[in-house]
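So this one's two forms of a single chain, laid out as structure tokens and tagged structure 1 and structure 2.
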Structure 1
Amino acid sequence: MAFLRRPLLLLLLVTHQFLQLWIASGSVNEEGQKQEEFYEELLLKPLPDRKVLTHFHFQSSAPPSTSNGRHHHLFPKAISQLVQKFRVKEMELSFTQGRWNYESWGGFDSIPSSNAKPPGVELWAVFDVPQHLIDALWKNLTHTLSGLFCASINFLESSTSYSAPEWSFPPALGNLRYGTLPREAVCTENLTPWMKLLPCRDKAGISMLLDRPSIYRGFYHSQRLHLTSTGFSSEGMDLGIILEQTLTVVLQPNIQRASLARTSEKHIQPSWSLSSIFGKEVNGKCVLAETSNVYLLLDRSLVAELKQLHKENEKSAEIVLTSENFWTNSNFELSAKPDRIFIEESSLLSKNSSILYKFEIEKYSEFKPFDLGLTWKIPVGWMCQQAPLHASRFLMGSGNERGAIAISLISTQPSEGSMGANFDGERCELRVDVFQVVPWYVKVYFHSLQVFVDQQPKAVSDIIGTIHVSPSKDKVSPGVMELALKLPCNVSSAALTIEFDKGFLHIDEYPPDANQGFDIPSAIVSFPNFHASMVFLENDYLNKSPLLSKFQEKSPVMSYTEVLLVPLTTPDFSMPYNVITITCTVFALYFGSLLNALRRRVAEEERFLKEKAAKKTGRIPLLLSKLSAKLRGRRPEPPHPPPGSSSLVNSKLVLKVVLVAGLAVCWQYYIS
């Protein structure tokens, strides 16, 4: 039997390996079509405020096929059916908890421009259909996504919850619909369906690090799903789809140094590793992935600071930025040796270059897990590169009748303000696009728009080059405002204010927590002349990495403002309960007293009281009454009951009748 078991086990092992290779190859058909592909990558980046940015990037691609209704080997079938049924050309869905800190975590590189999202749910989609069919497809799409990701996305089906931007929203390609749910809570019920779209889920590869408690105790996390289709043909052919799944998490690593209490080391960045952040290690790549890599990115400002510290410590006049002397410096230490190091090309906006360390996961296994760790040796401080203007939004005014919305723009780089600006003759202009959606119950007066530049009021026509306004309609559509500002390049601050009145809602339109207030979605501030990109020296390899290829694309710099909380006039929802309670109480007293008075027998009560009074009368009073009667020569009389007994019964009865009648009169007066 032992001789028979060994060949059988060997056959099963070979068959298992063959099936894995066959699935990973995508089963190229006889027509030689391109196979399906899957990539998994992870980017780690230390942040100035002692936190760590982790950015998971998964990409699945399904090439066009001549067969109708083909079977997918790697690409999720649910997404393919969704794209084909609703004719989606491009779509993005994000679930975000927390708010991206643009001041500390930066706002100019590719990650905040593409992955920093507003709190709650954001959904936008571009449809490849005629204009009159878009709204119906949008409603069906929201219901499908709501069931697919276990969320309340179906609330976006109402025309009061979505809008149609014209040009200010960067992905505006025509036939666009945009909607947000700022109060949507994000939990594991949304993450689990998102992970089920991955070929290996969380069982193998980089996705093993997706530990739920570690993710949801972070300061910020945003899961995003972005898909792009190549288009639709009239013959009904299968179209090509690229699905991009990203998860951006900002975590606080545990401090592992016992000597941090000393004042000389209190500013040292905390040392961390993958196992200390996520509680897990990577036991190899996903067998279905084409590539599985982990990257460690050092920001431009951090590299410049490390070079300066290296000069001070080593006292060398010139440092050659090579792979050997840079990753073996005395400033920090890596627990694993990188397989390749990429150096960013210098740009006009910054003379410094970022450093990217690459680690290939395919060399590691369950017996040799991958656990990247970073240990800092000396205190380091730096600042991430920010957008040209820092945008913030707040409310003005008080009371429940009217107020104002203000958008503040403060310059972050006054010395570099002319970079990326337009030069109109001798005048240097900085273009800023503002896209803002306001609910219908916040009635905005667009004619009250005011502009302030460097705390001085300016004419609207001098600052605003293009404006598109779509006034809100009560219970039909929200208000949309799109502005293109042309600010001077040397501007230090700018502000926009617009007044509004607070509307009244029907009692059925209030949410369960109406006293908390009503949300105004985040406004989007973009800089069309500024583009976030990182171009590295070795372009031959970067074309094989979807994450690095994404970094090289010129994406417009954009940022989201805060979500505003507007208090509206809210009725007292306890009043119906109080009315019902007092009404039931009055009816109970009225009918109870009336029935009691009508059904009571007065004669039997009087006889009962006489008998009770006779029982209470003792022998001594009876003998005294007989003795007094004999002395007077009269006939002895039986003792009489208390004189007030019968009158007491009658008075109680009359009092109850009067009380019931009074209650009835009061009730009639209250009703009238």
Structure 2
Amino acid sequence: MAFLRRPLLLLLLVTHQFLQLWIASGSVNEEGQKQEEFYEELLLKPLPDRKVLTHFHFQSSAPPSTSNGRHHHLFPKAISQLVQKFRVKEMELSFTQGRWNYESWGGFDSIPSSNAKPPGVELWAVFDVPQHLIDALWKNLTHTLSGLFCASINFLESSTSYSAPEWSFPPALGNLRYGTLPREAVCTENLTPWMKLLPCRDKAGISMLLDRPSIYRGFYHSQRLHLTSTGFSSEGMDLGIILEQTLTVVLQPNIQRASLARTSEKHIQPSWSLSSIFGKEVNGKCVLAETSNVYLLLDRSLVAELKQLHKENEKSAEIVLTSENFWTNSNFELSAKPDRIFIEESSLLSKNSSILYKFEIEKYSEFKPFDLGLTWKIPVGWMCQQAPLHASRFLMGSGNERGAIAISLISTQPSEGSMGANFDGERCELRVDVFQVVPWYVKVYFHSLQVFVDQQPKAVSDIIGTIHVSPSKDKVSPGVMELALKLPCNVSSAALTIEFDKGFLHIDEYPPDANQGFDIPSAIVSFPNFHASMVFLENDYLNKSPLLSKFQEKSPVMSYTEVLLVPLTTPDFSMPYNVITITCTVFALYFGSLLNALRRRVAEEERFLKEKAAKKTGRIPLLLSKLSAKLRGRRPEPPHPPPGSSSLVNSKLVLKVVLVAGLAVCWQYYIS
């Protein structure tokens, strides 16, 4: 674990300088003025679970100039105007469908740590304005982006849906706003405006491969737009912008029947080609691009596995994989001859290094389209490099009242203590940052935070180094929790639980599909002491490839957890009207009876009844009185008015009771 404790500052400085160097080394025209540039690159990588990762990387840059935002030659005008108008220093917008499978697709490379994104939309932006102006700019920015990308990013406008992380989010620079929309459906209408920002769109070059049906059939796709503006002077006049657009797609190649037929090769990796996974080929480069390359990356562990296989044979693998006929070796065969091979500088982490084959699209044309194919000859199995801990998150508890969120971190290292290999008496620590945003209607009790390490409850203060909490305010802001955990290196599992109460929303605040539940956005788990980077030799080429220089950057390893779905109590939405109706009815009854009572003339009514009775003693009351008298064993009294009134009332009462009973019977009958 010594490398963990090494000062990383130096490395960071180097990267920073490198970035500046790269920015400065843009091509220069006759007048010494830098030009706008565009690069297109594609990285292909076989994944262990018979899938293929394709990673498109487009980069446009506008050098610092006074005319930025007004006059452009290659750079998209809309983006430049956006940067100018909203004073964006750095911004990232991603649209993702599907979930990156950290276990089988790896979690340590540059690709997953910067391109694996939570499902839906994620947007963060850093502004170059004083604090009090940021929120207004953010709101306008969300509206503009929502118009630009045909998405409902404008829902991030409300202060309940975005937050301002202090330090745990990697580009922690202050002035940052972060928001996600986990339920946003991502489709072609978002991809088309994204493509419009490329000078060649999907008419030429690598982007021709972007066949909509194949992309959206994939297991995971994430379309990302990252922009950095450099040299923001205080006046904001001269600024350069680097726009990086990436599309990461994980696809399953169609398994050819021929290979399936051979039962002995059941476990062989599927062979694929560009035309078989995208249904298209590359007809030459986009003429506007400075470079147009396709790379095939073989993972460290895959290379190790291949070497191992070779050792069983005779020759040294190192020679075979990189020598002249490397592309038709006994393990696999490439359908095109690579123009260059890069071998990764051996990193401290592993003795193995990955191999990168480079294909220059410039050499291909409409008559000789580029179609890279990879055919496996022998079965290979390997594991991608994992992040030190695998993070997952789930809900605990039941019912509509309360619950708990649990984040579990499980060591990916097979044997315990392998991470702390050189642990010599000194306490070795593994730092993990957790950034979690919870909507205000999930009321988290921060005091209930519990930490378990290796299934043992631990004191919170022992494990958590720094904690920053901003509690949610009802209908104003979400709750933000930033934790820096210090775990022992030989940890095999760790878990965090925190309890919450489910809040009640106002009837207007429910979405149309309230019964579906409410999303809690993904938590971000990052490992600030681990950096994913791949350094390839041949430095003169690096200056020309933004993708490889991206790989060289030390990006901290981070992963996103699952999105949680919390069911909240949903009201009967017709309730307000029902309440109104029933209250009004009660009031009306009260009023009516009061009024009747007020104007009632009891004596007069009695007299009236008496008269009536005197005039016409009905047969039934007579019979009834006779009957009752008989029952009582007295002789039938003549219906004398004063005592008769009681029997009269009685008979009426009986009638009423009978009527009500009959109604009840009918009611019962019809109900059943």
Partner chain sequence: MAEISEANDSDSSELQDNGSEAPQRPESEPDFDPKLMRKTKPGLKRLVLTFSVLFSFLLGFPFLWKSVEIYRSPLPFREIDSLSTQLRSDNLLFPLHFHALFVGFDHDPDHLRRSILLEITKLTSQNPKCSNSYTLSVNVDLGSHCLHSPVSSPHSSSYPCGSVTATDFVQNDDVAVDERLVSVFGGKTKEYIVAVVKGGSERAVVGKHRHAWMVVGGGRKVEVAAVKVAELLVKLFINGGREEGSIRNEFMPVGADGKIVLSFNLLNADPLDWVYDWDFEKIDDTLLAPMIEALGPVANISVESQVLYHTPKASFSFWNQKLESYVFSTKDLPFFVNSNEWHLDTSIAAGGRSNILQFAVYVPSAKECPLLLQLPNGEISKTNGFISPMWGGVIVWNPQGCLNDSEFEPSAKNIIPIQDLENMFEVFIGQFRQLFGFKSVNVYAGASGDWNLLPSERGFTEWELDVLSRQHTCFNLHSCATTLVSLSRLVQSLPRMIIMDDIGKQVKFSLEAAKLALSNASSGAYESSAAASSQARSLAEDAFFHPSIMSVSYYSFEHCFAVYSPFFLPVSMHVVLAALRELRRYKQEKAKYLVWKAKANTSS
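All residue numbers here follow the sequence of structure 1, with the first residue given the number 1. Take the two forms, find the largest set of C-alpha atoms that superpose within 1.5 Å, and that set is the rigid core. The shown structure was predicted, so the numbers you read here are calculated from the model rather than taken from an experiment.
The form predicted together with the partner chain appears here as structure 2; structure 1 is the other form of the chain. The Cα shift for F86 between structures 1 and 2, taken after rigid core superposition, is smaller than 2 angstroms. Once the rigid core is used as the reference frame, the Cα position of G592 differs between structures 1 and 2 by 2 Å or more. Its Cα shifted by 14.7 Å, G662 is compared between structures 1 and 2 on a rigid core fit.
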